[in-house]
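Two forms, one chain: they're shown below as structure tokens, one block per form, named structure 1 and structure 2.
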Structure 1
Amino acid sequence: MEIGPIWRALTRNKTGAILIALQIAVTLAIIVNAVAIIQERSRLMARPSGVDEPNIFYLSSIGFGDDFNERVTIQEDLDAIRNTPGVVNAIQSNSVPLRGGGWSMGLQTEPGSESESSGVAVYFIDEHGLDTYGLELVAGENFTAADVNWREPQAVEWPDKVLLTQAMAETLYPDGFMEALGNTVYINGNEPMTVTGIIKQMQAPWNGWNGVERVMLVPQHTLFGSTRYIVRTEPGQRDRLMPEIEDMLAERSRDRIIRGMTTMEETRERSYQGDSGMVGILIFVVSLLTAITALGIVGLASFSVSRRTRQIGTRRALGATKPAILRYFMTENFLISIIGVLVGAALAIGLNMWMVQAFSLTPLGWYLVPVAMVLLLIVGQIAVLGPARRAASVPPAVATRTV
């Protein structure tokens, strides 16, 4: 069966064909852009936080009452947690990656308020910090117990030593992160700190920040009234230890509230809830839309088959085999779909260009359009299969029936 007569017959019954083609075109435009957004979000969500997520949980302890001694409590709490069987290590810190809330400062390589400073996320840790978070030290050395001091709520002084992530070190020393090691960086414009080590990777608490891997680790315990313990357990022990440690801490002192018991995995989930929700909706939209378009094709093709019953019978009488009739309708759909996907490709790219501008999305990958085109062509062929088979089963005797 050749295309010529099918095409000419199609041009005599344009409207239905145009409607299907348009539907396919808009569907393609939506699908391509939805998938582009899905990809973008998935990429964001796939970034590692740098910490040992499966085995870390954290909780807050808020002291109240006049006889609450925060310093002693923190020391005793940490000792007790670290001595619990199944715990790998534990620290007090202000935040964890992906949590959403945290502390940020600016660092610069030259002192003075004229120099440009780079934003950096701050985690307060002690000498157990690297082990607790599961961080890899690529150069320099970890803090020692002697480095760690206590920070009062409104303190403005900073300790002498600091660890930086590779990304932060590179931001300050574009020639290579190793330059940072042993060098002095300035916080608050002119307070010096010595970079004593470099961490391979760790994320800031805000996943939406463009400097998300710029992190500094500071050897301090904080006395802010509300404190957060980060606990790393041996694999598989986390869920057992969470209630155990919560109870233990609650028992140890009545003058505080233990709350906010959260695993890193939950934190990741909550942190990307908007993104994963968007991905979920878009996947749903894409499948629903494809289904609707397919149903539309089925509906219109069925109608065109029933309207052309006599014509099909005549063709059969004139010698068309069943496969020839099947092929006729498949070819017809293919022609309509081809036009649809071509228009749709242009539409998809246009829509993407507009969305990139209006909503700062990333441009779509070049391969998405052809893949979606092929996919929709296949969907069209599958959708038309049913009506086409019904057409093929029209008996040739229909031709002699007087209606």
Structure 2
Amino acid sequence: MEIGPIWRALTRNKTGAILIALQIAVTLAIIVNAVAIIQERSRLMARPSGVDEPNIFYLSSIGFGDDFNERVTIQEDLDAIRNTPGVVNAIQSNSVPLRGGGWSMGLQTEPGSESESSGVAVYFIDEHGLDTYGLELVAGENFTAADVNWREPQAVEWPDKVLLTQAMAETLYPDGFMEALGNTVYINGNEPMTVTGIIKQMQAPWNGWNGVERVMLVPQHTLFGSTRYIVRTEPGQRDRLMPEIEDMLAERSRDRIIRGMTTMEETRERSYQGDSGMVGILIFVVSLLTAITALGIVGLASFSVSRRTRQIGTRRALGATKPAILRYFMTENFLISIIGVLVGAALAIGLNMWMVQAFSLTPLGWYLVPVAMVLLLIVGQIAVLGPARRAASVPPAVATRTV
């Protein structure tokens, strides 16, 4: 079939074709950038926290009354939890990854207020911390019981030992994270701390922070009035042990409240709730735009068939076969779609360049635009197939009818 006559016919009745081409172009530009955002958000939500999420839960103990001894209660609670069958280990800590609330400080490699510091999330743990969180020590050594002390609410002093994540070590020592091991870092400007170990990965409590994997582990118990226990269980035992440990702690002391029992999986879900909602909305928008574009193609093709019924009948009377008529309308739609996806590709790339500058988004993957172009071409061909088949079924006798 000659493309030239089809193209000349389009130029004589170009309004509808231009509208459909523009619709395809806008749809492609929006879909490509929406998919890019979906991919970016999905990558963020899939980032590993570094801890044994399926088997960890935590809960808070808030003491009250003159007879409540927080230090003794913490020691006895931890002993009781660790000795519970099915529990791998337990610690007291100020927070967990992705929780949304926690401590942060600044670390630097040289003392003095004029030296540049890097932000770091702080977790207070004891010698059981690595095992409780399920962390991997890649260099150095863990804390010992002798390293752990108690921190009062107004304390400003820090221990002389610290563990860093690999990401934090690389931030302080860009030439290689292993340089951090055994070196001294400074907190509060001039207070020295020796890096005695490096862990592979652990996330901060804030998922939107650009330093989400910059973490420091400090060997201290905290006496802040509210205690958070982190419990790691054997696989498959978490849900059974959660109410059991909650009841046990409540019965051990009537001078406190046990509350806020939460799993790490629930924490992750809550932390990324906004991102998950955005992904759902964008998927709906992509689906809706694709459907609207397909309906627009169907409408234009149906209108074209009804407007040219006698012309189709005449061609059939002159010997045109049904496949020839079908190919005509399929080719016509393909030409319109080609123009639409080419314009849409340029719009998609331009829109992404603006979004990268304005919102610091990740640039488009090289494959997104060509894949979207192919998919929209396929959608267009599927959408026009029904009207094209109706055109092919027009009988030759229509050419002899008068209006």
Partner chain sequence: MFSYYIKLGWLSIRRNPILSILMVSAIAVGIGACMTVLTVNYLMSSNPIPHKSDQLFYVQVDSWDPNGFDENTEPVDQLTYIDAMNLMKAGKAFRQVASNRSGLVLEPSSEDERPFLVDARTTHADFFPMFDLPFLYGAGWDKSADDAQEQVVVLSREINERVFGGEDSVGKRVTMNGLNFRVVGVIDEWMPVPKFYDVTNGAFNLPEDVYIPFSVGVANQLSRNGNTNCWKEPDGEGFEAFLAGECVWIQFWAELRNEQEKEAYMSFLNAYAEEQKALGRFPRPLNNRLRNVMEWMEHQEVVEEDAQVMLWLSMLFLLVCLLNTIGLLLAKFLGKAGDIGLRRALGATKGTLFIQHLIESAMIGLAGGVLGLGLTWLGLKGVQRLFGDFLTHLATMDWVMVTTAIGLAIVSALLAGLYPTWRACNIAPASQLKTQ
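In this text, the rigid core denotes the largest set of C-alpha atoms whose superposition between the two forms falls within 1.5 Å. Given the structure is predicted, the values throughout are model-derived calculations rather than measurements. Numbering runs along the sequence of structure 1, starting at 1.
Undergrad: Two forms of the same chain here; which is the form predicted on its own?
TA: Form predicted on its own: structure 2.
Undergrad: Comparing between structure 1 and structure 2 on the rigid core, is the C-alpha shift at Ile378 2 Å or larger?
TA: Comparing the forms between structure 1 and structure 2, which are aligned on their rigid core, Ile378 does not shift its C-alpha by 2 Å or more.
Undergrad: After lining up the core, report the Cα displacement of Phe359 between structure 1 and structure 2 in Å, one decimal place.
TA: Looking at the C-alpha of Phe359 between structure 1 and structure 2, the offset is 2.5 Å.
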